[in-house]
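Here you get one chain, nothing else, as structure tokens; it is the form predicted on its own.
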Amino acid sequence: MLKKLHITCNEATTICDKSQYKEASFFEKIKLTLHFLGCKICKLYTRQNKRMSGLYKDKSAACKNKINYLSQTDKEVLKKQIKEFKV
């Protein structure tokens, strides 16, 4: 039974990633928690992974609210460059 619960660090990071996106099963989460008892590096990886994902999520939300567009003069310059490129 204990062999079924033992996972490698590679498996732990995979389960960590799956867990973050709500794709890990209950049994996988149990195995990951048990792995954390003996592996502080994977526990740190999980903590850092969650933090980075949260930062990127916040940043992407801020970018979605920002409207990006070219000014009319920039559009004309771009059109001119495209025409010159085609010739």
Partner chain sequence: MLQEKIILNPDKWIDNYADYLFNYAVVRVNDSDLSKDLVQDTFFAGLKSAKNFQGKASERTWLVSILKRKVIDHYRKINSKKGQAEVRMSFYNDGENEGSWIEERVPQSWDNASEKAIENQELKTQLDNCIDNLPEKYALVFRMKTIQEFETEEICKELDITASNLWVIIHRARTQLRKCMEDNWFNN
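In this text, the rigid core denotes the largest set of C-alpha atoms whose superposition between the two forms falls within 1.5 Å. Not measured: the values here are computed from a predicted model. Residue numbers count along the first chain shown, from 1.
The form predicted together with its partner chain exists for this protein as well; it is not shown, and the discussion that follows is about that form.
Though the partner is left out of this view, residue 56 does reach within 4.5 Å of its partner chain in the predicted complex, counting heavy atoms only.
In the predicted complex, its partner chain sits beyond 4.5 Å of every heavy atom of residue 33. Using a 4.5 angstroms threshold between heavy atoms, residue 10 counts as touching its partner chain in the predicted complex.
Within 4.5 Å of any heavy atom of its partner chain in the predicted complex lies no heavy atom of residue 37. For the stretch 57 to 77, the set of residues having any non-hydrogen atom within 4.5 angstroms of its partner chain in the predicted complex comprises 57, 58, 59, 60, 63, 64, 66, 67, 68, 69, 70, 74, 75, in sequence order. With the core superposed, residue 61 shows a C-alpha displacement of at least 2 Å between the shown form and the other one.
If you fit the rigid core between the shown form and the other one, you'll see the Cα of residue 9 move by less than 2 angstroms. The rigid-core alignment places the CA of residue 25 less than 2 Å apart between the shown form and the other one.
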